[in-house]
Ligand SMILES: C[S@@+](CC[C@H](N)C(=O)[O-])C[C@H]1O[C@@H](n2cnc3c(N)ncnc32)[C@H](O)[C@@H]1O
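Take a look at this single chain in structure tokens; it is the form predicted on its own.
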């Protein structure tokens, strides 16, 4: 995905997401966070393609946010500061015993010097330039026994899926045209159309699926645990 698109969207991203999803994406995220907490309640989190940092609602003791858009990173920083975090170094923030580190990079080539307990990818995989390389790089930093949690919109043959894809391909670009974002949102339906569940599962053969659930309409949630024998 062209990072310039997200640079342009950044300041309007949270509001526009609420509008075009009728608030449903917030419900998906709430379900996602609640489900993750069944399996792991704290530790070191790495959130990929973080946008404005909404997965910070997990409130883990240490959280990495990886986001390639410089404008999204600016919005994310301001959001965390408004929530009481203090930037002690560039892209490094603290609040009491919590620590946040923001990395401006793509999934395929970021680096950190420790392993994490949980990786989250909320509506992120379809934006990878190279999904296989991205997952391989993420797997390197996940601990044995750690969790990889995904929510993604995936095309299926059911009526609601087809209806939503029609809405995304036709209505959303028209509405977003009034905000000067018509071409950007034309890409949304195309990105969903290109991502299939079997392609995701193929990349996680070394993982145990602990929960897989259809969220209402078109989203799917996968909670997977990295097998101890992987490393």
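Residue numbers count along the first chain shown, from 1. Note that the structure is a prediction, hence the values are computed from the model and not measured.
Just so you know, the form predicted in complex with the named molecule exists too; it's not on screen, but the next bit is about it.
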**Study point:** Distance check, residue 13 to the named molecule in the predicted bound form, heavy atom within 4.5 Å
**Key:** yes
Practice item. Could you confirm whether residue 3 comes within 4.5 Å of the named molecule in the predicted bound form, counting heavy atoms only? Key: yes
Review point. Hey, in the predicted bound form, is residue 99 touching the named molecule, heavy atoms inside 4.5 Å?
Key: no
Review point. Though only this chain appears here, would residue 51 touch the named molecule in the predicted bound form if you measure heavy atom gaps against 4.5 Å?
Key: yes
Check your understanding: Out of the stretches listed (167 to 175, 197 to 205, 34 to 42, 66 to 74), which one is close to the named molecule in the predicted bound form, meaning heavy atoms within 4.5 Å?
Key -> 66 to 74
Practice item. Enumerate the residues of 114 to 130 that have a non-hydrogen atom within 4.5 Å of the named molecule in the predicted bound form, in sequence order, or give none. Key: 122, 123, 127, 128, 129
